[in-house]
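Single chain ahead, by itself, as structure tokens, in the form predicted alone.
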Amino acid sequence: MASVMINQVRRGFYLDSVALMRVARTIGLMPGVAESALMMGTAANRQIMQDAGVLDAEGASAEGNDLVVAVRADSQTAADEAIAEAIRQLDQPKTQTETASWRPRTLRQAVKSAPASNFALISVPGDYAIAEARKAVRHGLHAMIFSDNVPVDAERALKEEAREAGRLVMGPDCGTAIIGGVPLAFANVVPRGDIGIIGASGTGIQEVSCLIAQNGGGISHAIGVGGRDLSAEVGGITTLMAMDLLERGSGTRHIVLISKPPATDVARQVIERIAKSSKPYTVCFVGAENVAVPDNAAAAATLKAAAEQSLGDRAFPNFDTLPVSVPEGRRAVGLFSGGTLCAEAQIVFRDARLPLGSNAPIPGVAALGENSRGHAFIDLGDDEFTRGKPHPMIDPSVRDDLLCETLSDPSVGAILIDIVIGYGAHEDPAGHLAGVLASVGGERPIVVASVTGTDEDPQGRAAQVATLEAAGVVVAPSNADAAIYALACVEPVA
């Protein structure tokens, strides 16, 4: 069937990427719409739209400050209606409060209007993020860069300049932080407390901070550093600065460090800095084996173990639900929205010496294509699934097609799902999953889930758990517990 493609370019029109993704998700669900995108017209974004088959000549003419609204649909009518709805949402009148208050259009104006501020959150296309962050640093601000698609050499140069100025640069691609009790980007409502977290991973910070909150603890600060900070190219600049900040802070008793395995030289610097600290540490290099730490630190294999150690080796309540045996030879498939949650689940299966593949493998796990017949854990937040599309934490429908395919696969005995709630996340991910499960008839594999969040989050963790249980999902108290339960289902103890 022939399709119709329409692009509309709005010159000099900017909206945050999360807001654009929400509009794209809405029009993408309209009848007859095959693909949709709302993206700023940077070269990288135009290439993404080109690869997705939604860019026409008008869209190709866009520049970085222009917004491209792109639709590919089954008919002209469907395409026109989708474009009209996107424009309606973009142009919907502001509330009286919004129109009555002046808002600065530049960082310089913002600093002038709020001279006591010392922190800037930056979410602009990656081509412009470094320039805006540099302006922030030169105005005396710490900066959190939500944007991605930033060259690594530019990240290094910015962080070196910020270090000289005594300013912290969190990111690029920093998705989660809690600063002075304020949740930023994808974060959760947790109580204030005396545990500090430093994390290269957004969902890793979320899981640990929420488990701490659920078990009576609280967070002083959770400092995101960006996924590349502990690489050899960047050298752990922000991580080391964050360690110094939490060391000096009287409100922090214990520090948790979360990352996938750092570069060797960077890991050595971090461990040496821990050894000089007056405070106890928990080190969770997710997926690493045999991590050597100094006397004032403990290594944690999983995010759950990291949370337990931070609370004084407090054992969390046991998950006593008996596993369901599935027919021999059935495998487990994990469909994750959080990359670090996917890595944590891999640890459980790797340490059980089971054949496992992943599109984001930890050390000791095969790449997915190399292990097609074994268990498979997929990070759906990886670029291959999110290029030009919303992240599955924003739009859980990104998982739907693969989930339906897995539910009907006779080789699958258990499906492992993570539900991540909080600010920035979908308003009801559990309800969405329940709807998908209800649409699939007949027998299905065991579905095991965990909910990363708190009852104070906008979605409410208890309400999300109740929705899942009503849909027949086994809900574990943590992502690690969910992986252990899935393992017991497919590999019962003799």
Partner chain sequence: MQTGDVSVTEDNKQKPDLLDAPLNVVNVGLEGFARELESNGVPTVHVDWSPPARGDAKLADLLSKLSE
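Predicted, not measured: the structure shown is a model, and the values here were computed from it. Residue numbers count along the first chain shown, from 1.
A second form of this protein, the form predicted in complex with its partner chain, is not displayed here; the remarks below concern that form.
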4.5 Å heavy atom contact, residue 191 and its partner chain in the predicted bound form = no
In the predicted bound form, residue 322 touching its partner chain (heavy atom, 4.5 Å) = no
Close approach of residue 377 to its partner chain in the predicted bound form, 4.5 Å, heavy atom = no
Taking heavy atoms and a 4.5 Å cut-off, does residue 289 contact its partner chain in the predicted bound form?
-> no
Which one of 345, 417, 223, 332 is close to its partner chain in the predicted bound form, taking close to mean a heavy atom within 4.5 Å?
-> 223
None of 276, 108, 88, 268 but one has a heavy atom within 4.5 Å of its partner chain in the predicted bound form; the exception is 108
Interface stretch in the predicted bound form with its partner chain - options 290 to 298, 205 to 213, 181 to 189, 80 to 88, non-hydrogen atom within 4.5 Å | 181 to 189
Checked 237 to 262 against its partner chain in the predicted bound form; residues with a heavy atom within 4.5 Å, sequence order, are 245, 246, 248
